[in-house]
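Only one chain comes next, encoded as structure tokens, the form predicted on its own.
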């Protein structure tokens, strides 16, 4: 009975996390559009515009091209959303430690960081499959670009994750490697020397530059490129299917930014202000939201407004050479800090 009750409670918590993630991801998208308008000296849409967009898309007809592989074309958006929602189950959406010591995701366990890296690829992979399945030459070009981008930015991302996991296990505390909980509960900034701090700064810089490409935002939006290939990878999508892709993108954005906060700045502000009780949790939650929004603004909004689209060949070269080299240098500095 206890196990059954625990399963029901965990299921309820999971459903609650999904609802919060869906709502919060669309709110963040609204802030992104509002801040982008502010940077361009425009009024911009209201914060609730993403909710209206989703509602409108769900009311429109779901058109499937005649040449499309219908089961893959219709299944890709759903799987993209499922992959994004499963992803948020493994990433802490909120403050870590403090009043709610041990605050962690609904799902966790040994090696969950590796699983998170794989789950991050599912929405992009599903978009590529949907593009190939549509039968459109423009969507096929976009899908090919998506695959090239994924092969490019996954390499430096893997180096960053490997470096953090290795350094955590090197703390000699019996911590599990590739455990997101171990990394979150043992911030490395206070565990390393000068060389280690420089190495961590480089790794954070690499992760920061991966954010817009992982989310396919300008200047890394070559797979869609509305002015070049008419929407590319989603050129043939409409109605509910397009709405599912829209929500999946928003949820993945929230998850990836939350992962960046958890890996590099999992700190609370209540201890600094000497606040306790429920007020500490509320304050830390607001501080977590602030960190996520600041990262969103700097890594997505500002770059999207101030940069033009890069060619696909420049994208692959940028990640496979300079960023990978920076990640390797950061990893080497972390190693030298242990000598």
Partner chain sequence: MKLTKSFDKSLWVFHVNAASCNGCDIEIVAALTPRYDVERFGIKLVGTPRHADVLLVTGPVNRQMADRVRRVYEQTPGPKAVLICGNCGATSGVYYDSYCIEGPFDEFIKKVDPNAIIVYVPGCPVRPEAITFGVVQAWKALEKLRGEA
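Positions refer to the first chain, counted from 1. Given the structure is predicted, the values throughout are model-derived calculations rather than measurements.
In what follows, reference is made to the form predicted together with its partner chain, a form of this protein that is not presented.
Contact with its partner chain in the predicted bound form, judged as any non-hydrogen atom within 4.5 angstroms, is confined among 120-128, 231-239, 198-206, 256-264 to 231-239. Of the residues given (57, 299, 280, 26), 57 alone sits with a heavy atom within 4.5 Å of its partner chain in the predicted bound form. Heavy atoms of residue 306 never reach within 4.5 Å of its partner chain in the predicted bound form, leaving it off the interface. Among residues of the shown chain, residue 43 is one whose heavy atoms approach its partner chain to within 4.5 Å in the predicted bound form. Contact annotation for residue 63: at least one heavy atom lies within 4.5 Å of its partner chain in the predicted bound form. Contact check for residue 52: a heavy atom falls within 4.5 Å of its partner chain in the predicted bound form. Looking at its partner chain in the predicted bound form, residues 33, 226 and 246 each place a heavy atom within 4.5 Å of it.
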